[in-house]
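Here we start with a single chain on its own, the form predicted alone, put down as structure tokens.
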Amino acid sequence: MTKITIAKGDGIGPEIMDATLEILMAAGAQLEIEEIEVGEKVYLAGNTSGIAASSWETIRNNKVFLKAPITTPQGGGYKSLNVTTRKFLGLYSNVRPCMSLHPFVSTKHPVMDIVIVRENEEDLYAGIEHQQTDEVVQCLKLISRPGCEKIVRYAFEYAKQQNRKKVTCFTKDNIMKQTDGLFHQVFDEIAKEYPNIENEHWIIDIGAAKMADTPEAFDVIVMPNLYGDVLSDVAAQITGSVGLAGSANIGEECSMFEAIHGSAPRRAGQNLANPSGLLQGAIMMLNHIGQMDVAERVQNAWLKTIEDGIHTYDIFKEGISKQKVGTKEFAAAVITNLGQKPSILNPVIYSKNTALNLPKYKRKPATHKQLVGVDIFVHWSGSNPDELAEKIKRIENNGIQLTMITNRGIKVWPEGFRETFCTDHWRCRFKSTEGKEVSKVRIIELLKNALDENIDTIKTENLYEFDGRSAYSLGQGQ
């Protein structure tokens, strides 16, 4: 018996949760259920996170959380509960299987069967944003070695457990050589530990185009957070319906399982909603807690129901579907099919799977870190980079000089193009004139000199070398 936390959520959430739990219990799931309330009512009661402190404790104690969709009120500073939960509980891996159900659910990709494994905690979703000048705002893209290692290893372990043949990595490291470059580098390192699983890397733009056009070329795809968020919805949609997809959010301590669709308040209380997305999340939950035989029984019964043409309104299609049913009737049909298998769709076999082997991250030995310069960002409303350079050069001090100015990443000094459009946000790069390590005291002197010259400094970024390797980007055009 496994104790789990559930939340019925908002909109169609209570209906699809009731249907899902009815199916699980009928299939023999050994679950003890503890319910909490999250979502719209909690938000509107004045809690901007949508969850009470006592509910956090329930989730952390039980370790497993099955959540129906919730409604986040517009405006008012309300935070996404999904994002908050993933970060607070360290749910670093988001897993979304996307399989077509041809010919029973319309799709242009009848043999599609891929799994998107998305990093869940960092990247641009760190949510660190600032307005820096009148014209420019920034969002920090944070990629860490622990984050990369955990998600890439999860992708390979998942492929190994599920008897999948290939893991593909999508990044944009031809442009973001430091952040996406680290993700790709870690992928290549870990791939060597799994010689029986094919591995490959695609640049995200052409990889996404290939996935949308020829998804059968892929098996498991692992990506940083933003790319994975976008493409997992694309993948789910091109299988036939986002409403049929569930997802797992896995951490070292806790896990959360859910449908990927929203709360659909316009459909609430009408016995119309398709519970399949949440049911798919629940099946992943059963696999995660070791009840693989029950997961197998439920998944095959669900496939048999789809194959029998018993469909809710969202996937019902004349000539293919046999019977249009509501939420409760769909659940009853799945229960009736427990113990049966589909004859056209491929039945699943989960009961022979072994547990995932996910060792905790081990920190690598520290490298030699050397400070070799600094980027000072300034707010300046002029448009002539040569004029700015003359102004900035006045703040140079002994051993550190201005070597480059960029605007939105593009080198505009020295030898910039007059055609380059410039905003009021400038990066001024200072490097050691002697090729030696730069003292932080010298950087403080630069900033003091800038203050004396009435230069509006916004921020600084230190330029480092690690074991002699430059660990900062060049200006575009350098």
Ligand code: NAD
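Heads up: residue numbers just count along the shown sequence, starting at 1. Predicted model, so just to flag it, every value in this text is computed and none were measured.
Beyond what is shown, the protein has a form predicted in complex with ligand NAD; the following relates to that form.
In the model of the complex, ligand NAD lies farther than 4.5 Å from every heavy atom of Gln280. Looking at Ala264, you'd find a heavy atom of it within 4.5 angstroms of ligand NAD in the model of the complex. Ligand NAD is not drawn, but in the model of the complex it has no heavy atom within 4.5 Å of Gly416. Though the partner is left out of this view, Asn274 does reach within 4.5 Å of ligand NAD in the model of the complex, counting heavy atoms only.
The candidate stretches are 141 to 149, 395 to 403, 281 to 289, 264 to 272, and the one lying within 4.5 Å of ligand NAD in the model of the complex by heavy atoms is 264 to 272. A heavy atom within 4.5 Å of ligand NAD in the model of the complex is found for one listed residue only; from Asp314, Glu329, Asp375, Asp173, this is Asp314. In terms of contact with ligand NAD in the model of the complex, the residue from Ile70, Ala29, Ile59, Leu446 that brings a heavy atom within 4.5 Å is Ile70. The partner is not shown here, but in the model of the complex the stretch 1 to 35 reaches within 4.5 angstroms of ligand NAD through a heavy atom at Ile12 alone.
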